[in-house]
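One protein chain, two forms: both are listed below as C-alpha cells, the first as structure 1 and the second as structure 2.
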Structure 1
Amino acid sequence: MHISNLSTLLNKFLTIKQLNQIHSLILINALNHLEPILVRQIIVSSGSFHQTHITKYVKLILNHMQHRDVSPLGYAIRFLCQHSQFQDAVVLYVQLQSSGVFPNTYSVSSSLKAYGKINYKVGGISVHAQVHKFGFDGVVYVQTALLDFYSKMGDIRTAHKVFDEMSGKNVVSWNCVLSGYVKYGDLDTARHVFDEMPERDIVSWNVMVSGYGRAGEMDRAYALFKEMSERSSSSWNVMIRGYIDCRKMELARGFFDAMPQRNSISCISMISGYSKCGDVESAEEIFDKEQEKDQLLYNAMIACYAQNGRPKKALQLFDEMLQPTLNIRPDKMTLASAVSACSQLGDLEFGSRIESYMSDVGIRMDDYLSTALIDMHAKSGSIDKAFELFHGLQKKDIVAYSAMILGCGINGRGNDAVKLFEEMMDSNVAPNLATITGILSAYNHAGLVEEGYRCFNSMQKYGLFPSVDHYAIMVDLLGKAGRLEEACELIKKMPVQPHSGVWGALLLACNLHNNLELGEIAAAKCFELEPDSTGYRSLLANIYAYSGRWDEAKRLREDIQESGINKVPGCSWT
C-alpha cells in the first residue's frame, strides 16, 4: 500500500475515533511500511481516542514497528506521561535504551517526570547520568525536568545544585525550587526563595499559598491570597484545600461559593472534604449541581458513599458511570471504592464482576486495589484467595495487614491472625486502632480471654486509646466466657460513652449465662439507646423466661408483637 493511501486511511480512522479489531489489523500491517515520522503523527493524533484505548493502541503500534526510531518513541513516552501511564512510560524508556537508540530531549524529560511520579529515584539518577553523556546539559527543558525530579524526590540539596548550575534560569525553574522547599516542609526557606525571586508569576503565588495551607497556617495563606493581583482557579482551590485539611468546612464552602470560576477540582475537594466529615448530603448537593462530570468527580462521590456506609448508593453510581453514553471509564481508584462497597455488602458476585472487568479492559492491579480485594475475599470467607493476594503485594502496609488480620479473626483462623500480627511488628509496621480491632476479634472468636486482655492493655504502648468498638469486643469476649461482673466493671470504667453495641454484648452474654440481674441493667441501657430495636427486648424476654418470670417475659413479647417486624440489634464492631 502506498504511503498517501495510508494517510487517507489513517485520517479516516482518526475521525471515527474508534478502532475495532479489523481496523487495528489493517493499520498494524500497514505500519510495517510506515515512515517513523508518520508513526509519530499517529501517536500524537491518537489523543483523540478514548483514553482506555490509547495506551493499548500505542503499544500495538510500537510492537509492530520495524524502524526503531527515536522520534516516535520519544513522543510515545511523552504521550504515556500525559495520560498518567507512568509505569508504561518508564518501561518504554528502558526499551529505548536497550535497543541502542539515542534518546532525544523529549524522551529524557518525559522519563524524568515518569520516574518522579512512580517515585523511583534510582531510575531518575541514571537518566541524569545520561543527560551528561548525551550533552543535553544546556537544554533548559531537560534541566528543569531534572530540577523538578529532585525536588519531587525531596532531595532538595541536589535540586539546588542543579538549579545553581543552570545556565538560563527562568520563572519555571524558580518555581520548581520553591515547590521543592514547600514539599520538603521548609516554609521559611520557601518564603525566602519567594521573596528573593527576580520575577513571580501566578504559579509562584499559588505554590506559596498552598505551602501555608498544607502547614495549617491559614492566616498566612489568606494574607498572601489577599495580596495577589490576579487569581486563578488553583489559587482558590488551594485555599479550599487548606480549610478542608483543618476541617473548617464552612470556610471552605465560603471560598467555594465565592470563587468566580469553579472547576471540577474545586468540586472534588469539596466532596472529599464533606466525605471525611461524614456529610454525605452536602457532598451529593455539590455532585448533583456539577454539569460536566468527569471520571475523578465520579470517583470522589463513589468513594464518599463507600466510606460513609452507603455501599448500595456507591454501586448504583458505579453502574451509572459505566453507561456508554457518558464516555467515562472507571480506573483503579473507582474500582477500589466499588470493591470496598461490595465488601460491605458481602456481595462477592459484583466483586467478581469487577475482577473480570479489570482483565477485560486491562486495568493492572496495584496495592490499593489488591487490599480492597483482600478485604472483600477475607470478609466473604475466601481466606485462601485473600492470602494469595496478600502475598502478591509489593509492600505490605498497615491497611493490608489489618484487613488480613481481621479476615483471619472472623474466619476462625486465630493462629494465623496472631502470626500475621507478629510478622507485622517484626517488619516495623506500627499497629493502629483497626489492627487491634482485628486481633481482638481473633481472640474473641477463639475465646482467648487472657490474650485479649494483654492486647487490650498493650494499646497504650503504641499510643492508642481503645475506642467504643474495642470495649465492645472485650465485653463480648469476657461475657461469653461467663465473666459477666468483670465485663460490667469494664463498661463502668470506660472513658467514653458506651453505645448500644457494648451493652448489647453484655445482654447477649447474660442471655447465654442466664444472669437476670445484670441482664436487666444491660437491657435498660439498650432500650434507652435504641428504642426502636426489638431484638434487645426478645433477649431480655428469654432471660425472664429462663428465670421463671413468665409474666414479664409475656409482657415483653407482646410489646414486640405490637411493634411489628423483629429487628436485629446493631452490632457495630462487626
Structure 2
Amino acid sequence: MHISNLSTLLNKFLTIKQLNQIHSLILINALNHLEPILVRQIIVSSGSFHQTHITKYVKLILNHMQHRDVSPLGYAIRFLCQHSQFQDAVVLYVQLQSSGVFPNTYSVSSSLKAYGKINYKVGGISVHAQVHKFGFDGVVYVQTALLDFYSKMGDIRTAHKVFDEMSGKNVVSWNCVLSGYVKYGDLDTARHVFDEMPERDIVSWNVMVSGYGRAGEMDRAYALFKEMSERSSSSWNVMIRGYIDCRKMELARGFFDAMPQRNSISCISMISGYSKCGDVESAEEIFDKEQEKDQLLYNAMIACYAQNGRPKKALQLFDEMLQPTLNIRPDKMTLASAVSACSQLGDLEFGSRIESYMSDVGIRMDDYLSTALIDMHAKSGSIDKAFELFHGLQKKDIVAYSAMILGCGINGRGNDAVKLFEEMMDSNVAPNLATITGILSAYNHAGLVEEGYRCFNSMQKYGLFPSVDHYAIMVDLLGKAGRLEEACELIKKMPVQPHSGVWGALLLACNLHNNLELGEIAAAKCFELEPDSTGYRSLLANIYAYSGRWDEAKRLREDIQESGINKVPGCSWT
C-alpha cells in the first residue's frame, strides 16, 4: 500500500482490527515515522475498544517507537491519565524529556495530574519549573493543572499563589482553589472563596457541601443543599455520605429514598453505611431492589456479608457473580472479600479455587490481596504458605503483621509470633488490638507469663485499651501458670464487666490446679452468665471430685444428665 494511502487512512476512525493491520504494514515496510500518527489514531478511536487492551497496546508501541513526536506523546500521556495509569504517564513524560522532545501544554498539564495522583511533589515542582521555561505561564488550563497539583499536595499557600498570578481565571480554577481549602480542612476560608466566586457551577456547590459533610457539620451542609437551584446525583450522594459518616442512617435513608435518580454510588454508599452498623438486612434490601447491578455493587454487598459474619452468603454471592450470564468480572476488592469469607469458614478448598481463578485470568497479586490470603492460610493451618506470602510483600503493614502473629499464635508457633512482633516493633509499625490479641495468644501457648504481662501493660503506650477478650487471654495465661490469685485480682480490676469467657478461663485453671475456693466463685459467675451451659458444671464437678466432695460432684453430674444437654468436652478462651 502506498504511504499516502496509509496516511489518509490514519486520519479516519478505524476499528481495532484495521489499526492492527495498518500497524503490521508500518512494521513490514519500515515506515516508523508513521507510528506517532498510529498512536494518536488508536487513542482517538479507543472509545469503542476494551480499554485495558488498548492501554497495553499503546504502551507496547511507545516502548518500541523509534520516531518520537510531542503531539502523539502528549495524547498518550493524557490517555494514560484518563485510564488511571498515572505511573506509566509519568514514566512516558520523563522519557519524552530524555529523548530531547520538548513537551507541549497537553503533556505538561497531564503530567501534573499524574504527579498529583501518585503523590510525588518533587516531580510536580520540576514540571512547574518547565512551565516557566517553555513559556506556558499564560495558558489557563496549565495554570489550573498547577493549582490542582498543589491543592492535592496540601500546599495550599503555593496553590493560592498560583491562583493569584493567573490572568484568566475561570470556574475550574476557582473550583481547584476551593477544593484545596476543603481538603486542607479550612472551611472558613473555603466558604470565603465560595462566596467570592464570580461564577459557580454545580461542582462548586458540591465541593462546599461535601466539605461540611466531611467535617460533620450536616446542618450547614443541608442549608447549602437547600439553596442549590440545580442538583446532580453527586449533590445527593454527598448528603447521603455525610449522614452516613455521622451515623445518622435514618436521615441518609431519607435522602436516598427522595433522590430523583439514584446511581450505583448512591446504593454502594447505603450498603456500606448499613454494613458498618451491622444492619445486613437493610443492605440486602438496597442490593436486591437494584435492577442494574455492576461490579462495584456486588463488591459492596460481598464485603458487607464478609465483614458482618455472613461468610457463606458472601461466597454464594461471589459464585453468582461468576455466572457467565452476568458478564461481571471480579476485581481485587471482590477477591479480597471472598478470601476473607473463606478465612472465616476455614475453607481452604474454596480459597484455593479463588487463587486458581486469579492465575487463570491474570490478576496480579498486590499487598492488599496477599494479606487477605495470608490471613486465610494462617487461620486454616497452612502457616508455611502464609509465611511465603508474607515474605513476598513489598510493604508489611499492621494488617499483615497482625494476621501472621495471630496465625502463629493459634498454630502453636509462639516463638515465630514473638519474633514477628519484635520485627514489627523494630520497623516502627505500631500494634493494634488485633496484634495484641495475636501476641498474647502466642505468649499464652508458649507459657511466657512475664512477657505476656509486659505486653498487656504496654497497651496504653500505643493508645490502646484492653478489651474483655484481652483480659480473658491474660486470665488464661496466669491461670495455666498456677497464679490463680493474680488472675482473680485482674478480673476484679477490670473496667468493664467480664463475660463468661473470662470467668470460664479462671474456672478452667481452677480445674487444672484443683483450687476449690476460686473454682466455686468462677463457676457461680459462669452459671449466672450462661445458665444453660453444662460445660461449666462439668468443670466444677471435676473440682469437687478432686477435693473429695463426692456428693456435690454427684449432684452436678445428675443435673447435667437431667438437662438432656451434652456438655462441651473442651473449650478455649484464647
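Numbering for residues begins at 1 and runs along the sequence of structure 1. Keep in mind the model is a prediction, meaning the values are calculated, not measured. Superpose the two forms; the largest set of C-alphas matching within 1.5 Å is the rigid core.
Both panels show the same chain in isolation, but it is structure 2 that comes from the form predicted alone. With the core held fixed between structures 1 and 2, residue 83 has its Cα displaced by at least 2 Å. Once you line up the core between structures 1 and 2, the Cα of residue 480 ends up 2 Å or more from where it was.
Once both forms are fitted on their core, the CA shift for residue 232 between structures 1 and 2 remains under 2 Å. Once the two forms are overlaid on the core, residue 523 shows a Cα shift of 4.7 Å between structures 1 and 2. Comparison between structures 1 and 2 places the CA of residue 170 2.6 angstrom away from its other position, after core fitting.
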